[in-house]
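Take a look at this single chain in structure tokens; it is the form predicted alone.
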């Protein structure tokens, strides 16, 4: 029996914060550690898994990357996560470290609590929970129309509740954090960064360490080896959802919807991206991500959008065994008009 517990790092964060990019950087600079990666994708297209499987890190092969696509990991802990962990721990060659990327809609608290499951607790410990924040989004006020006004009203009357579901999710992810990574700081100025720090700090009573990052570039020495044992402190990090549902009623994420749009080859990728910006703005799409088949190009174009900001680059060549196609996951609030969004995207092809 292995007497030393395997450390596990939980990486959470709002939609498009840069979790996958940070993990990709981590895998390629892990100093020889053998890492097993569990990815909880939201939606029907395993984009994050495809991105990470293509990073070519010797210490994290395709066999070490496990995707959970049956729903939010915090809602399917017993059905998906625990069996996955059990199989991972039964491997003859066990990993040195486990990294878990939650979906942008997941609550980390139920996941951390699952590490107290008897068969897991004796073999794995939560090294730490890392929450990644999109600094540019926070600086642009993505979580309230007027944060100052909301804070002033709260100070006058603590009974008032001005949070949207997105705000509550953002705060819950901060509440569970051992380390907060303020990502994309290159997209804001110094004054904006100060505002982001103040905003994030105001969202949680606990005061975890905050660090700054660009393009998810954070040393593995900072991300791994925190040694927190977060599962022992989970009672002090309850989310609002947990407090509201302590009577045993389940929580869900019905306020969010996702769907996949599949298209053929795109002849004008620049025009396609510009068209997507308009669609995102018109229909208040929260997140859009996927791959584009560009006509005449051997490389696959990866596309990631948060709000109207779209990052795109050729990540790797299409392989002979895969079908070339344009596949995009669209994520938005429940009232999003899926038919209208789909039709608008299809019209760009």
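Residue numbers count along the first chain shown, from 1. Every value quoted in this text rests on a predicted model; they were computed, and no experiment measured them.
If you look for the form predicted together with a small molecule, you will not find it shown, but the lines that follow are about it.
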* Pick from 201-209, 268-276, 96-104, 227-235: which stretch has non-hydrogen atoms within 4.5 Å of the small molecule in the predicted complex? -> 96-104
* Asked: Heavy atom to heavy atom, is residue 326 within 4.5 Å of the small molecule in the predicted complex?
  -> no
* Consider residue 330 of the chain shown here, and say whether it contacts the small molecule in the predicted complex, taking contact as heavy atoms within 4.5 Å. => no
* For residue 29, is any heavy atom within 4.5 Å of the small molecule in the predicted complex, or not? -> no
* Is there any non-hydrogen atom of residue 131 lying within 4.5 Å of the small molecule in the predicted complex? -> no
